[in-house]
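What follows is one chain in structure tokens, specifically the form predicted on its own.
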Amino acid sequence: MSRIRLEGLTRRFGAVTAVDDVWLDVADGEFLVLLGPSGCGKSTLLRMIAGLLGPTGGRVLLDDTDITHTPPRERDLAMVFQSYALYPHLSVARNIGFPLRARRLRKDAIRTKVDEVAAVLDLTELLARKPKELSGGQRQRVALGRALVRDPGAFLMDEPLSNLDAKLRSSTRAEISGLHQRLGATVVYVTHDQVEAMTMATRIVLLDHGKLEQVGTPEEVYDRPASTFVAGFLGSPPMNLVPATAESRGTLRAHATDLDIDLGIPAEMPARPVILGVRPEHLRLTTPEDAALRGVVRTVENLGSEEVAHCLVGDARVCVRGPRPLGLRAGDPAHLTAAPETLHLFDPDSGRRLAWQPTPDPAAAEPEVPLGSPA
């Protein structure tokens, strides 16, 4: 297996910077997911790692060897494309074995290796078929097999499940995760689907406009988002983000129209604007007397085992998610509260996470803006 390092990797297309000074270390055996909206630079970054696109600046290292200008075929990397890229006139066996024939291996060695890979991916009964005779999920497994047969140092996967329906996507996702666990392979995986990222990744890299927004485990990026972008991208529905003012009244509180909530921080500081964040599943219904947020229900979505109520609190739209039935209907008043430990604060100008730090921690994994200083 292999370790991949990116040092200041940059790619410009004319005046547009698609990837902007990315520094990243992919550990040996890691399943790293590049996640972000369309156009954020994740596929461009993957293609530079693969050698399919040259960088404008920076370096790509594979096990401490600089491969920035090494041709793709000479890199110990296997690419799995979104479109499968199978040869329609070749059988499954010949599609899987194609990289080995290109290396001029003996026929018996190719046959043995193809059989081994087919057994791992449950393709043994399909080896004589052509791609047109396969389902979408089977074609994806063939594409994986063609990458796996090379026994590469690392796998690069560019949205490999985006062409599958929901049921196939779920089962193939489990197959890829199981394959990674059995092989201990290094995987760099591109997707815009947060469910894929949260369920498959050992670490997630969130990209926005070519820049790294946050790098961390699925739990870290979900539970402690580094910016309003991360908070608003992850989750379904995403985190509620409400403009407010933080000020001291014995403890710090955030207040806005129809909102007044204790932040649980015993500190003194001047009032300052903030963005208050709280995930829909952390809001709970309460009595009018104990409500920290007061709003009106606009619509209620039935998700089967859960419901999501879309409310208006002042001018802010706020979602509440909980087990069905929530007991809310359109037009009902919504009296809500949340525990202080579930609340998040962000700077309204930079969008970065705020934290109460008397002295900012220079060793913090993600930059946090100090909320204030001790009085």
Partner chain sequence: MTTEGAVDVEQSVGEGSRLRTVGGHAVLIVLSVVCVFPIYWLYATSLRAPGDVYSLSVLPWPLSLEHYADAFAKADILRMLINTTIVAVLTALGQLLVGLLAAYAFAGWKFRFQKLLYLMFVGTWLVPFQVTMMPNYVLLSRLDLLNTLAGVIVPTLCSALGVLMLRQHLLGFPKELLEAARMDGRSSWGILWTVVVPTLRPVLAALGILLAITAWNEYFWPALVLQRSNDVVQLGLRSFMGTEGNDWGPLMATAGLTCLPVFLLYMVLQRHIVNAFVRSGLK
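Positions refer to the first chain, counted from 1. Being a predicted model, the structure only gives us computed values, none of them experimental.
The form predicted together with its partner chain exists for this protein as well; it is not shown, and the discussion that follows is about that form.
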message = Please tell me which of R103, R182, K107, R298 lies within 4.5 Å of its partner chain in the predicted complex, judged by heavy atoms.
response = R103
key: Contact residue in the predicted complex, chosen from R173, R139, R129, R150 - any heavy atom within 4.5 Å of its partner chain   = R150
request  = Considering its partner chain in the predicted complex, find the one stretch among 238 to 246, 189 to 197, 81 to 89, 301 to 309 with heavy atoms no farther than 4.5 Å from it.
outcome  = 81 to 89
request  = Report yes if any heavy atom of R279 sits within 4.5 Å of a heavy atom of its partner chain in the predicted complex; otherwise report no.
outcome  = no
inquiry  = Taking its partner chain as it sits in the predicted complex, is Y222 in contact with it (heavy atom to heavy atom, 4.5 Å or less)?
reply    = no
ask   = Do L77 and its partner chain come within 4.5 Å of each other in the predicted complex, heavy atoms counted?
value = yes
query = Is A50 one of the residues lying within 4.5 Å of its partner chain in the predicted complex, judged by heavy atom distances?
reply = yes
